[in-house]
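As structure tokens, one chain now follows by itself in the form predicted on its own.
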């Protein structure tokens, strides 16, 4: 998730921008840059990789008088991580930084190119600065040009623009991506994507609402709301704890990341949905020509998202799908046929076992695809094609956002393949796309659910183990729920298909065996309910997660009634993540850094 900083004042602008970007490193990035307007002239510096590279480039650059500056850490979405694609982006006499995705950038870019504008980057962001300058040329008024530009953008954005003709002004706009402005008694103005870069600099901050736009000068902070009405800033005192600011007030990064899933899923969907089809500009449709099987290969949480995908590919795409554990696949002399698309899944793109299976598939001549969160990682460079999940950085070792965005990508990909294979009707495809648009709402964490889980978690701190059970695609979710609990609470937990209980595991049933039952209303509800009743009859302690009340449950976590089992899937995902979190917190564990585990497993 990209980071933005901005500064207007008399102090060392370069150091304030670089220091602010350093505070945003936790968000994840692959390039960085700053632009400073001082004495009527711009200075612009960009670097790929870590901020130390940008610091080295700017070591001889001095800012010791009034200036305005903007800075950015970029997480690649459109275009590779290169200096040309790094922000800030330049027009004729203006610079822009931007977080988010401009959905209609292709249309805007086409029109600008017709007007003779030459683009230097592959990014969607560059259209903003060129569109601004086009409007400025037409109107002659900077703020009018900025307002018109913002009205022409579709998608999500937090953006800052500075231009030579107004050397004491920073324009800002926010829609869908976070941004705030801070002020102090010296009339300095500071912009950032979160609190932490402003601690120690600003006295109070205003958090922009969606649709807010305006400008700052030495003496003014002017804000307009989404309807174009002038509004007063709503200032609040700034926290003084940098780590807390990075956590945005949450107790742990994992908790923050559970709450972020709604936003990052929206990022995953952006630019990839039209009314009637899924659009993956990053892959060639010919990738699927002659393909009769999809083989998915991954480890851990990514393996569970792959298992989930197998149900979607066979149900919607009507294509044979198999799932492999990477650490096993590499050693069992597998049969690999040329009509198979080999798909690897990894949050980091560096998982050693999975990377080796990708090399095996390439050597066998298979077409390959990687689902990954990190552009320019080893898997992304090696595979024939890549779909980025856009989850942003995960600081919690136990993955949450990565799983959510991987399953979202797979749902979209199954519909993309269904369109290619004509395996879904036009109406059903439109219906599925409509459901996809509802995932961000389904993954908003409600206070009622979290409070309920927090209260009941105290009853699940002992016993001899947990069964997480579910049917169909809820079986992989049960596996993922059990893994989350194991990782951070150190309690024994297993995921099982609900129908398998009677084939052995039910022998363990007693009051000290806790069963977390996933009971979706819209998928095999009666079958699943019957399986849970079998456990209840053997005195197992039951915690049911469902939209429908279940009288045999000792505890009940209610989710919202949904139109479709997939929306239930995502809301139940939130529930099992929160349950693991709250049990671990009650046990006094380090939720973000569980023992014996690493975030990126780069060894066998």
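Positions refer to the first chain, counted from 1. Just so it is clear, the structure is predicted and the values come from calculations on it, not from any experiment.
The next section is about a form of this same protein that is not shown, the form predicted in complex with ligand AGP.
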Can you check 436-444, 157-165, 465-473, 300-308 and let me know which stretch has heavy atoms within 4.5 Å of ligand AGP in the predicted complex? 300-308
478, 398, 216, 192 - the one with a heavy atom within 4.5 Å of ligand AGP in the predicted complex: 398
Under a 4.5 angstroms heavy atom criterion, identify the one residue in 142, 324, 487, 260 near ligand AGP in the predicted complex. 487
Can you check whether residue 180 is within 4.5 Å of ligand AGP in the predicted complex, heavy atom basis? no
So in the predicted complex, does residue 348 come within 4.5 Å of ligand AGP, heavy atom to heavy atom? yes
Evaluate residue 483 for contact with ligand AGP in the predicted complex, applying a 4.5 angstroms cut-off between non-hydrogen atoms, and reply yes or no. yes
